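Listed next as structure tokens is one chain, alone, in the form predicted alone.
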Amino acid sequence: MPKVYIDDDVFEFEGRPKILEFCLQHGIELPYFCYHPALSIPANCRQCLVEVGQLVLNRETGQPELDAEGKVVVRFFPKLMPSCATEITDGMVVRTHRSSALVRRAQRENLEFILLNHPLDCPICDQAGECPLQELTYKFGPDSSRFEFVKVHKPKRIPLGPRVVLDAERCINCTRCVRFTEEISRSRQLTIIQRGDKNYPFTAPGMSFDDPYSMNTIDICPVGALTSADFRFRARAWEMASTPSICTGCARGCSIYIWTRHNRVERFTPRHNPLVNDYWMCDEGRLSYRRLNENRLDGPHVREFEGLRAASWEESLRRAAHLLRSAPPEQIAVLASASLSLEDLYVIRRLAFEVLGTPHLDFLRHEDPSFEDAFLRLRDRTPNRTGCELVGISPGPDGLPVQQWPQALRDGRLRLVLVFGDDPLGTGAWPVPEAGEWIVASSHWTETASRAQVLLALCTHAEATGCFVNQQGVLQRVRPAKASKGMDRTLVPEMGKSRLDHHATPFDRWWGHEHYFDCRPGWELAQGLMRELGSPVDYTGPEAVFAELAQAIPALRGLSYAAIGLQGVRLDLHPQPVA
């Protein structure tokens, strides 16, 4: 197998990897700005320079030649080479900053050159704390600048579009943003304008940077030249905690980080997952974090006279159980949302078929053809429709499909609807019926919630643990990113930690009790109703529910939370009836 010599180590390799790519895969740090693993390689920042040479082989023996001191003879190239664009060959010798004073000097002086016209405004820059330029300058840059002249000034605080703001003085012309619009989103809305030290990325005259994936350029900008119009100056990176999760905006289920501060969700950012979304996510999904903070339902409520009043969990579950007992099974319908986790859906299915004995169980399909594109966005706006089909959320024998429920309510065939996590009245899926009673579990105040006789507060996916299956059959798990009242403390270790959390308990998420809601996950609410109705169920947590799921559904057999990990698992989704 061919070999490459990097500093004092010998590595074997296959194929034709680039030096930078190979070093990063083997834990050797090299500084870079313009390189991105998902984009083409322009090699224009010159920060990843290394010394490259080739062993001198004896033509007769084919063995490396030795000098007078017995050391192998290496013939180095006359100039330093960009490691991002140089392919490794058999017998290549590479010297990085770890072993070469020449490379260290080149990296230091290149950073000094890059910073000549940079404003050095880290204290007020939105990217401070997560800025590659800031971090690499500390590691590889000079202690101070020798430049004592007036810097070149460029446009500042320019809205390139509705979601991205440009500070051209911070730009180092790495062209990552331009290449993203050319190679990934293919909108070609950005280019480099001006010349020499006055150039920066911009749109064509009169055009707006309204690419539906425009905010990915914020993530890949290594210097804070492109920042989010939505997130600017709201929080510093070190004040927030990030938790791995998924976006629930459509059936793609992009892998993301949920960033929280004082128990309030501040932003979503994409998380690398080659099975689902690579490095990217759409702007609409990214901004859907707002819904997790707004119009939230806090605690259970029961109807008294014409209005809803706050109630205890015991009273509300008891009232809901009384209503369920008062209706014949064939007059009860159970609607589960395709935005709930597998664990929620499984216990709801048990409640409907095993305890209530109703055949009327279904979920609503929320489709939006105008949302779909050829990249990531899908017309199916529910994150777990595949999970509903996998668990078996569908009418039983003689059960009515959900499309017939409004008419069945009007003619008296149905009397009571138990809704988990959906809003059929507010989304226009149903006309508002005059008849029928409603028990609703909802995370938000909705049109359906306002009709409830009993209203139960439901956790969002940012407050619970559970699994989702996207349209491609990839099983992923969400973790609690923010605390809720009554939250199981065994889930706290899974929550992301900020720097402040490392020095105290993350359970209270510091302060901000207006974002600390009294809500419970769907499986726990369904289990509470089952107990009130006399069924002896005792799941100790979502992991116990999933363990039972893994026994019941062949596609999940052998899986566990540990096996799912952060990247998820692609399932074999042939028809799998629930045992």
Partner chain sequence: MEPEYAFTAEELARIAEIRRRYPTARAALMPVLWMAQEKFGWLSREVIELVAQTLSLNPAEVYGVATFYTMYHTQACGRYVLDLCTCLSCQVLGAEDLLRHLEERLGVRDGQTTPDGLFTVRHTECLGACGSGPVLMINNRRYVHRLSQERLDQLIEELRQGRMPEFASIPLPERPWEQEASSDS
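Positions refer to the first chain, counted from 1. Just so it is clear, the model here is predicted, and its values are computed rather than measured.
One more form of this protein should be noted, the form predicted together with its partner chain, which is absent from this view; the next part is about it.
Only one of the listed residues (397, 206, 428, 307) places a non-hydrogen atom within 4.5 angstroms of its partner chain in the predicted bound form, and that residue is 206. The single contact residue among 192, 492, 229, 158, judged by any heavy atom lying within 4.5 Å of its partner chain in the predicted bound form, is 192. The stretch that touches its partner chain in the predicted bound form, counting heavy atoms within 4.5 Å, is 183-191, out of 138-146, 183-191, 307-315, 413-421.
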